[in-house]
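First comes one chain, alone, set out as structure tokens in the form predicted on its own.
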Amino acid sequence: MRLLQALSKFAASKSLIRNVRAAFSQTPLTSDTYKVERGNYGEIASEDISIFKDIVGCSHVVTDPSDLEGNNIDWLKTVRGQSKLMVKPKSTKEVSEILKHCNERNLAVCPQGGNTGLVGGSVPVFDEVILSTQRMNKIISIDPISGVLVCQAGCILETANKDLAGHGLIAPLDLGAKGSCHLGGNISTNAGGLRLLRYGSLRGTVLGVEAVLSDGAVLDCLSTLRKDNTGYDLKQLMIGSEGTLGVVTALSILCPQKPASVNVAFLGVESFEKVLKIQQCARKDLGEILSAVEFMDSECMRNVTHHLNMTNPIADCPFYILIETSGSNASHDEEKLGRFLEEVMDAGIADDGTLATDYTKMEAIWGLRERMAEAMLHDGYNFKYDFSLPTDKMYDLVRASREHLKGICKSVVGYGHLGDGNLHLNITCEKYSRDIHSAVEPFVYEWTSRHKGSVSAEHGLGFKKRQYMAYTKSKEEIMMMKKIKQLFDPKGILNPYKMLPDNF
């Protein structure tokens, strides 16, 4: 049996390598697609490689081009860099020594965690040194009394959750990429996830951050206190800065108690207006146990069932809404959600629905939502966006985009976190085309700006969105961000070509 399992893992690994190499060869260089010019940075020499080997050990410096393919291309397979070197430190001290050397030599650096980002923020554009946190995966401490986790930046979210479960705790965020994303990357992009409605954003749950600045100096803000009013809150500058101000090496985060009871309702409705009505009813009737409200349209369901062979547990409907509750009393919570489901069905707000109280069924329903991004990759080239909008305007953008792109694109779908107004807009076509790209952008950003939305709800700006920051932020805000960047990273070596726009 063990031999069969080993052979199966080996075959899966070989298949993954083949897929990455096929995508790598088919994806054009970011610099060519977007017409970017390389900054005035130093070029890596053999002496640099020798110094990095002295810092982290020979086996943790990667220079083989075939071994770097997966680190030079993003998860969506839409942007590709040209790095010739990846360094994998184990400690904050090693990160400090690496950045000190890079700063002295004016070598550009691309910090990289799990490389699950969707806006090109975690892959090089040119030949930046990839600084990977994958070896920095130590759980430093878990305090079951205060509920505080302290860990290195390379801890995988799902792995951390397993350790937390032993203390009756859970991480305050949950993502579809939880099996591979790093907590340091989550912090650096201010990831939102599926349960922001219940636990809030990382800006509120992260208590402390340790980061290394561009010159190698260590910024130690790794507090575990819930209240600290002494001076400026410098850790907030690192949260959401996407590695442009410093490389996050460790963090402390407040973790809630693991709920004793979790239940899921999955409903089908005929219009987005009824989706909004159900959310309103859920807030009123489920109140303190409501932990997630997600929605998807029929095109999303078609993609996930067709491309991933998943099963829709209810009748086909124009829209679907997933509602999760979590609490401390199983019978109370199940009864409350069951009564809510009956009421919205009897009132004709929902056309069909099902209630899941066992783990297997809940996982299957959540899988429909969590694997949506994966399903869309099978539908063609992806233009993928995450916008914050007034909740009643969320699906209007999908409708407007379908009308604007009629006959040009293969599909335009909408899904997302209804509970916090976060729309995931996905546009697919057979292959990348500059003409299609020009039709999509800046149209979607202009529409979002006109309706008082944000061009980035949770994915960050990365490379793909940086030139559109002004659709959400004022000129004064952007200029202040550039001054902060100059203060923290005078030579601009940290994650260049990312987040901040050129045209200011």
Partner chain sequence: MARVLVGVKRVVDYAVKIRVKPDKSGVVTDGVKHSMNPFDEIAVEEAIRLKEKKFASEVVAVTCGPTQNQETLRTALAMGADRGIHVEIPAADYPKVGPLHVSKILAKLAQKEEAGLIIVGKQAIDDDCNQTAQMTASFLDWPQGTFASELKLEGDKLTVVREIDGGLETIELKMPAVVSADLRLNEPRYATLPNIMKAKKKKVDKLSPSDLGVEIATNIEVLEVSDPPVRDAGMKVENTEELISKLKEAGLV
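Numbering follows the first chain given and starts at 1. The model shown is predicted, which means the values in this text are computed figures rather than measured ones.
There is also a form predicted in complex with its partner chain; it is not shown, and the following applies to it.
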Please determine whether residue 232 contacts its partner chain in the predicted bound form, using a 4.5 Å cut-off between heavy atoms. no
May I ask you to check whether residue 354 falls inside a 4.5 Å heavy atom distance of its partner chain in the predicted bound form? yes
Please run the contact check for residue 358 against its partner chain in the predicted bound form: heavy atoms, 4.5 angstroms, yes or no? yes
May I ask you to check whether residue 365 falls inside a 4.5 Å heavy atom distance of its partner chain in the predicted bound form? yes
Of the residues 408, 140, 217, 345, which one places a heavy atom within 4.5 Å of its partner chain in the predicted bound form? 345
Of these, 60, 473, 466, 459, which has a heavy atom no more than 4.5 Å from its partner chain in the predicted bound form? 60
Non-hydrogen atoms within 4.5 angstroms of its partner chain in the predicted bound form: do 267, 311 and 341 all have one? yes
Its partner chain in the predicted bound form: contacting segment from 249-257, 427-435, 379-387, 311-319, heavy atom within 4.5 Å: 311-319
